[in-house]
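Just one chain follows, in the form predicted on its own, and it is written as C-alpha cells.
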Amino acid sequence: MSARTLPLLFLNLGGEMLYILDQRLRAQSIPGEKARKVMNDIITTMFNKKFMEELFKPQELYSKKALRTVYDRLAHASIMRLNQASMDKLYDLMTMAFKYQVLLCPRPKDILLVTFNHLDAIKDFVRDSPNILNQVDETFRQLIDMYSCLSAGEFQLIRQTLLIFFQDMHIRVSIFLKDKVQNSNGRFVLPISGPVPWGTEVPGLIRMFNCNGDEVKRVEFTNGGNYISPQREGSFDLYGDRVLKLGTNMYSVSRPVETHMSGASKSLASHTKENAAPNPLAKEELNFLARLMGGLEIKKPNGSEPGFRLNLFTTDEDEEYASLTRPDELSYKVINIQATQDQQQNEELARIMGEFEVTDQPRQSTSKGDDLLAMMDEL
C-alpha cells in the first residue's frame, strides 16, 4: 500500500464533489451570489493550510467510512445542507467517477494529470477570489514537489492502492450507462482504442534480439483495437495543457444523473460490511480522523444567512424513496470502530467532532466512555 495515495484520493474526490454540487446548484436555480458563496466556503475549507498539512503527511488509507466522515463535514461547510439520501448519492457519484478515471488512465503517472485537471477546474470556480486562489495554488505546488520525482513503479503502487480502495464499489450511474462505458452490473467497460500511453508504441510488432542486442527478427500481429500514438505529453506544471481529458467536468452539459445499486453490489453488501470485531487499525483511524478534523476550520453561518437544502434527486419523492430503500449495509451513517483509548484522546476527538455538528438535534447525556461512539452513530 502506498503512503502517498491519500492526497490524490482526497483532492480528486473533492473535485468531483464540487462538479456535482455546482451542477445541482444551477439545476435548482440557486441565486448566483448564494451559489458562489457555497462553493467558496467549501473550497476555502478544503484547502485550509492546517488541513492540507495533515493530508500530505505520509500515511496509509483507512476505511471508506472514515473518509466519508470528512466529506460529510466538508459538504456542510457552508449554509447548504444535504439530507442522508442526497449525501449518499453525492458520495456514490464522486467515487464512481474517480474510479472510472483511475481505470482509464493510460499510465499510472497520469493520475497526477487527472488531479491537475480537477485543480484547474477548482481554480476556475474561485477565479474572482484571490485569497482562495492562492490556497489552491499552494496545494498545486505541494503536489508538484511531492509527486514529480516519483518513479513509474511508485505511481503504479498508488494506482493499485486506489483500485483496491474502489474494488467493491459497483454503483450504476446513468451517464455511464447511457454512454455504454458501464455495464448493468456496475462494472466499467475498458476501451480497446484511442491513444496509447505516452512513451509507448502502438501494439502490433514483436522485435527479437540476439545476445548482443542486435535485432534479428520482426513479427507483426493484429492488435484487435484501434490504437494511435499520443501527439504530446500532458503538462505537469502549475499552468499548462494537460492533454488528458480525464478529471474534467462531465456535468458541463446539462444531463440528469441517477445512481442505482446493482444486484452484484447488493449481494456483496454483507461481505463488504465492516466487521464488528475489534479492528487493529481502529486507534490509528480515530487519530487520523482527529487530525484531519482538527485541520478543518469550519465557520458556522451567521444567523442572518438563511440556510437551504440541496436535493441531488429529481424530486423530493425520489429522495425520500432512496432514503427508505438504500441497504443498511451500504449506508454511511455509522463508523463501526471499537478502540481502547485513553480518556484524554477520547475527549479531544469528542471536542473536535462536536464543533462540526450540522444538525440542531439535542444529544442525550451519556457516559464519557460512550460519547465517541454516540457521535459516530450520528454521522
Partner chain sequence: MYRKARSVPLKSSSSALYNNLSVLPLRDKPLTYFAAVHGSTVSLASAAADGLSVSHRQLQAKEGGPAVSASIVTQASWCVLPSRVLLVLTSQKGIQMYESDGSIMVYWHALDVLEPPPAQAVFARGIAAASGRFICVGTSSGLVLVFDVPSKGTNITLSEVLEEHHDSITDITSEVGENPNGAADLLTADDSGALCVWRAKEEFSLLTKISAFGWTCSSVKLWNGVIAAGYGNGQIRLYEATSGALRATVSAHARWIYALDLAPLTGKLLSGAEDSYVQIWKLSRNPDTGDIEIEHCHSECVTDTQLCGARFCDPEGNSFAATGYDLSEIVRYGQV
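Keep in mind the model is a prediction, meaning the values are calculated, not measured. Numbering follows the first chain given and starts at 1.
Just so it is clear, the following notes concern the form predicted together with its partner chain, a form of the same protein that is not shown.
> Taking its partner chain as it sits in the predicted bound form, is residue 58 in contact with it (heavy atom to heavy atom, 4.5 Å or less)?
Residue 58 belongs to the contact set for its partner chain.
> Report whether the minimum heavy atom distance between residue 234 and its partner chain in the predicted bound form is within 4.5 Å.
No, residue 234 is distant from the partner.
> Taking heavy atoms and a 4.5 Å cut-off, does residue 307 contact its partner chain in the predicted bound form?
Answer no; every heavy atom of residue 307 is more than 4.5 Å from its partner chain in the predicted bound form.
> Residue-level contact is defined here as any heavy atom of the residue lying within 4.5 Å of its partner chain in the predicted bound form; does residue 229 satisfy this criterion?
Residue 229: no, not in contact with its partner chain in the predicted bound form.
> When its partner chain is placed as it is in the predicted bound form, which of 60-68, 307-315, 45-53, 30-38 ends up with heavy atoms within 4.5 Å of it?
Of the stretches listed, the one contacting the partner is 60-68.
> Find the only residue in 131, 167, 252, 148 having a heavy atom within 4.5 Å of its partner chain in the predicted bound form.
Comparing distances to its partner chain in the predicted bound form, the residue within 4.5 Å is 167.
> In the predicted bound form, which of the listed residues (238, 243, 196, 79) lies with a heavy atom within 4.5 Å of its partner chain?
When its partner chain is considered in the predicted bound form, the option within 4.5 Å is 196.
> Any chance all of 24, 84 and 90 sit within 4.5 Å of its partner chain in the predicted bound form, going by non-hydrogen atoms?
No: no residue has a heavy atom within 4.5 Å of the partner.
> Residue by residue through 220-240, which ones have a non-hydrogen atom no more than 4.5 angstroms from its partner chain in the predicted bound form?
Result: 221, 222, 223, 224, 225, 227.
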